[in-house]
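Read the single chain below, which is given as structure tokens and is the form predicted on its own.
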């Protein structure tokens, strides 16, 4: 099976789907790998490293020719889809819940597409869970962005000039990104609290040294591990409770997201205005509209002296390790779909069927 890896074309995307380390392992398992020249440069992986790993370096125009599978990070452009041969396997973040036009193009081209967002959240598929691996990076980077912007030191310091009180931080949402944000904030020495509507995560929050903020709003988890959507009454109660408590904190990191839908608005602009000047909000849900009313996706804004960071695609800002983790996820999926380098698509298998978002069906 020949796997081709293109250079990413989405604006600001610096990651690469396979890194040299993974290429070597795939080659040893029976795969052939083609890499577009300079595909890994932005992530810190030069062409020479790929060549040493056994990959064939090709120009972009020739990449899709003869490829059985194309592995990428972001969804392909219309011209990139057109260059694929019918029956080609495509792996990447394909936005299957929101990009209906993109899926239609893939269906029309008879592409067998596997969306990394659609990997079932089951034990067997943990090594393929790219949402979790990239969320880990996002949670870490969110704290670094906050520490860079806030005009305060995170830890408590006792000096000859007196004692400096630690930053008080609140993490909203205790999923993978939130838990990583909690751990990183704690390592920097801040006093951390966390809020989540799922009572089952309280033990995880407290095990990381954070205080669990109970606002009296509770719901259960879905099968995918996300919180079930709140009723309008619960949403109003949650927003009112957060508006009252948020001014106590110097840093707020929000991570609440609903797959395929706009991010829930948790922080009204009035709550931002009540925060101390110099405070920072990092909105990890900015790509889907943001959890804060003041968030502008892709931008950093100020409201009443409070910095609201709506930077999107945080994993791309740490492209080296993001690519390394994502590459391992892609490799695990490839080895599942093509044991020993030979494609075997078992549509009765939960992972194969669950991750596939388009495929030609006999007679259709």
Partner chain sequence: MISDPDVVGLLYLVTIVCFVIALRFLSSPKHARKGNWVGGAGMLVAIATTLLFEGIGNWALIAVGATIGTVVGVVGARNVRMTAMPQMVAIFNGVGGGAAALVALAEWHNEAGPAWDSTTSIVLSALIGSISFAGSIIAFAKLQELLSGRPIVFPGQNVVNILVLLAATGLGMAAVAGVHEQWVLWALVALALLFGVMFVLPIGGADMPVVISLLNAFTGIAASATGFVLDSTVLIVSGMLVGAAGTLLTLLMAKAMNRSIANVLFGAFGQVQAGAGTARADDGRTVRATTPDDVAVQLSFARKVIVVPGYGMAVAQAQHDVRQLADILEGRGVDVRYAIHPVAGRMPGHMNVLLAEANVPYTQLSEMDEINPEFAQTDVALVIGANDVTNPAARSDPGSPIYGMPILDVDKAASIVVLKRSMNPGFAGIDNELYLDSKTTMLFGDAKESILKLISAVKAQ
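Positions refer to the first chain, counted from 1. Please read these numbers as outputs of a predicted model, since none were measured by experiment.
Just so you know, the form predicted together with its partner chain exists too; it's not on screen, but the next bit is about it.
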Listed range touching its partner chain, judged in the model of the complex by heavy atoms within 4.5 Å, from 157 to 165, 280 to 288, 102 to 110, 88 to 96: 157 to 165
Would residue 204 show up as a contact with its partner chain in the model of the complex if we use heavy atoms at 4.5 Å? yes
Taking 4.5 angstroms as the cut-off for heavy atoms, does residue 126 touch its partner chain in the model of the complex? yes
Heavy atom of residue 208 within 4.5 Å of its partner chain in the model of the complex: yes
Using heavy atoms and a 4.5 Å limit, would one call residue 235 a contact residue for its partner chain in the model of the complex? no
Just to be sure I understand the contacts: of 78, 189, 247, 199, which is the one whose heavy atoms reach within 4.5 angstroms of its partner chain in the model of the complex? 189
Would you kindly say which of 213, 258, 176, 74 lies with a heavy atom within 4.5 Å of its partner chain in the model of the complex? 176
Every residue in 34, 62 and 65 with a non-hydrogen atom within 4.5 Å of its partner chain in the model of the complex? no
If you apply a 4.5 angstroms heavy atom cut-off, which residues in 280 to 310 are near its partner chain in the model of the complex? none
